[in-house]
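Only one chain is included here, represented as structure tokens and corresponding to the form predicted alone.
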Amino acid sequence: MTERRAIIWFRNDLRLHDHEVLALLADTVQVLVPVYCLDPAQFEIQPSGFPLTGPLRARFLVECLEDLRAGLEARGSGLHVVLGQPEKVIPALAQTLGVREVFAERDVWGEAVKVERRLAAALEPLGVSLRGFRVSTLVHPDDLPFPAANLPESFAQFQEAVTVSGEPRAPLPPLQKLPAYPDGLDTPTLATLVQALGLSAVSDPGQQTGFKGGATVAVARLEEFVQGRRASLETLRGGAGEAAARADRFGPWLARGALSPRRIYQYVNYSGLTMWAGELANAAISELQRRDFCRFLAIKRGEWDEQSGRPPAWDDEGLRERFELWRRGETGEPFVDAHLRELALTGHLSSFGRRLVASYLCHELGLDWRWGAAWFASQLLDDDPSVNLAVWMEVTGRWRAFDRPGRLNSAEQAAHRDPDGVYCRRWLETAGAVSRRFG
């Protein structure tokens, strides 16, 4: 009997727990090749002057890969990390190893979907199939109470519908053993690949994310959150007064797929947290539902794909100067600048903070939103293209899914959320160290 061989192409699903594809392959193939492609294009400097993937995000990714490799090896497998474009390296690997099937997480929007199509086209002449799965949402796509094409335009309607339709699926049990890893498969170390990409393992001075990549750390952080060693209603107040700022504390791991949203839901909903800290628990679950909604909305509104690619080339140096001051947090508006400094130094920003600085870029500076979206994607540890898109579509008024104002007055927001200037002083070198204002 011929042994069944398969490749699993890891993308933003860097975990071993509650992984539908791995669970399927664990019992159905004899040889499994876990692969991750480090595409140099993802680390290139853009025309805007910064890398597509910034140093904090790159380091977090490498930590996730190191943790994933350790977990795979502990279960009798391994991780083949290769430098190159997936549509080139995976077909070559499939031919070399005699693989007829490639399994992968399906993405929902943008360049990642185009990569899938190019890979499928490259595999087809070889007689190799690409099988896609969606493994990143709380609500399984097959369990939506409506077809994705009929997704409500309002998050409130979506949330009500999925809540009354029943519990999300229970997370899959952890895997103890995986199929054999191919003998003799040469796998360069992550340190070698990082060096080849020109990445640094050391962050810039002052940068402190507070987040370490990997499913091991993510699960431990989840357990700590639920057991209440740090969870309290007071933590809801968060930076700059964002009511749900601390409910999104799992975002970086969710974005890389190092933590399952269904596992978060199970821990939060059945730990007793809803009884003694109901506001905190509900905020955490609501964040998962909001993330789901953005992903399904991106699928529904695929026509935005062509309009929402990389930002246009600079055609005016004055515009470029404005953008540079914005991204460095030197606009002259302390409350805006403080949020931009927090983003650059930590790779994190509250939901309110993102809307605030996005509003300032679009409505006060009159700049193309795609430049701002590219900066978010470069810096945010929890960047999810569909969530990022939703923020900017909301701010520009193209989508009204969350029933929130697109334009925010920074002075009014500062007076309301940071009346004593505590937040501003925390992130600005001095309260008065601001650049000239734009008229």
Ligand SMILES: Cc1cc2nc3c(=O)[nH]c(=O)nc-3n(C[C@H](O)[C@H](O)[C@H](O)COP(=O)(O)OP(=O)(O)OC[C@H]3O[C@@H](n4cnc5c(N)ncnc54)[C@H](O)[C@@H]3O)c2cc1C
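In this text, all values refer to a predicted model and were calculated from it rather than measured experimentally. All residue numbers are counted from 1 along the displayed sequence.
There is also a form predicted in complex with the ligand; it is not shown, and the following applies to it.
For the marked spot (291, 384 and 404), a heavy atom within 4.5 Å of the ligand in the predicted complex is present in each of the three residues. The closest non-hydrogen atom of residue 334 lies beyond 4.5 Å of the ligand in the predicted complex. When the ligand is considered in the predicted complex, residue 351 lines it closely, a heavy atom lying within 4.5 Å. Within this chain, residue 360 is remote from the site of the ligand in the predicted complex, having no heavy atom within 4.5 Å. Interface membership of residue 178, defined by any non-hydrogen atom within 4.5 Å of the ligand in the predicted complex, is ruled out. 355 is the sole member of 355, 341, 263, 80 with a non-hydrogen atom within 4.5 Å of the ligand in the predicted complex. Shown without its partner, this chain lists 257, 311, 91, 251 as candidates; in the predicted complex, only 251 has a non-hydrogen atom within 4.5 angstroms of the ligand. The partner is not drawn, yet in the predicted complex one stretch among 311-319, 170-178, 341-349, 142-150 has residues with heavy atoms inside 4.5 Å of the ligand: 341-349. Contacts between 363-380 and the ligand, taken as any heavy atom within 4.5 Å in the predicted complex, involve 376, 380.
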